[in-house]
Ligand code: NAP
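Below you will find one chain, with nothing else, as structure tokens; this is the form predicted on its own, and questions on how it binds or moves follow later.
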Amino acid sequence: MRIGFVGWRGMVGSVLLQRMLAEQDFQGLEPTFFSTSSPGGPGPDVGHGATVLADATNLEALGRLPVIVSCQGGDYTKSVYPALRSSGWSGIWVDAASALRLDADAMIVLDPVNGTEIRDALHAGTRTFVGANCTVSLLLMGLIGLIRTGHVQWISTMTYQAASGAGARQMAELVAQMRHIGSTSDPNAAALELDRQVADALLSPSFPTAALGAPLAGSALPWIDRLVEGGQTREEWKAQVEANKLLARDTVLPIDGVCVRIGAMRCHAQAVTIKLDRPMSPAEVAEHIRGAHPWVEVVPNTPEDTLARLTPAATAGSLTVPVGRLRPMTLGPDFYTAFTVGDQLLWGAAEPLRRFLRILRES
């Protein structure tokens, strides 16, 4: 299979290449690597020897390939994709960005959730496949087993999203903010004095906020993306809209909440309230969740297990999506709460694309 890769040096693209190399996915592929900034330069060696970078804006070069994978971002997609289709190209476009997700002829891919539908779409002639929003992917990876029972009436999700979801510059700035706090405060000071030192650091004109827009280290940012109708941010709006498109339900599953950026590096966490249409025992709920796919894990509701297995620090770099703090709520026996966490750069971005390419090769 001849396949083109665009945006392979960015965060998502780099993780995609790492995973493909680890899983030996390049065997049997004939890859071409494209660049928007350095065409003609050296490309990566993925087991086929040295490569030369092609021009990612050259429609003729792109159009010669039957499959293109883009991790370059939405602006690139909006610029190149329509022109490429208008030129007559009928190949398969695979994208990590959000630009095409809600297009009528695009399929959102997350195969542990909609693998059958992905294969059906390929056989029906769908040519555009897009990864889901990271929080949507991770929410569904955690709760799809319970959702499939048909007993979930609505979900409220409060997210705790890592700096990686904002970008590489934001990750670097988070570390710079931590360093600034550490260099201007004394951990041996009395508690109130230490608090004052940290507060002064956060409000200092020299505190680095160019990328994040505000202090994230030692704080939290309850605003992600732009304002949309009804007072939601676009990130909050995506949860219901994208999840329901991915699930292809006959009726809408209401999903809403507040999206918050926290000082984690690459793992998103979510606290969820789940309204069921009937009471369920904790064992029944756990069994539905656990049985959905091999990557979900139910963490016992104990302090030891929670702190050891249900944190961004414990989950970073792992394909496991743990779900814990699972219990009925005092609101009633048909209300449950849970907490889930997952790697934003794996199941939230690169892994669904990698697995889609496997499905494509097998189809």
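Source: prediction; values computed, not measured. Numbers follow the displayed sequence, beginning with 1.
The form predicted in complex with the named molecule exists for this protein as well; it is not shown, and the discussion that follows is about that form.
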Task: the named molecule contact in the predicted complex: residue 352, any heavy atom under 4.5 Å - done: no
Open item on the list: Within 4.5 Å, heavy atoms only: does residue 208 come near the named molecule in the predicted complex?
Closed with: no
Open item on the list: Within 4.5 Å, heavy atoms only: does residue 4 come near the named molecule in the predicted complex?
Closed with: no
Open item on the list: Within 4.5 Å, heavy atoms only: does residue 165 come near the named molecule in the predicted complex?
Closed with: yes
Open item on the list: At 4.5 Å between heavy atoms, only one of the stretches 321-329, 292-300, 58-66, 31-39 reaches the named molecule in the predicted complex; which one is it?
Closed with: 31-39
Open item on the list: By the heavy atom within 4.5 Å rule, which residue out of 96, 80, 246, 255 makes contact with the named molecule in the predicted complex?
Closed with: 96
Task: Of 74, 222, 213, 182, the one that lies within 4.5 Å of the named molecule in the predicted complex (heavy atoms) - done: 74
Open item on the list: If the criterion is a non-hydrogen atom within 4.5 angstroms, does every one of 9, 12 and 344 touch the named molecule in the predicted complex?
Closed with: yes
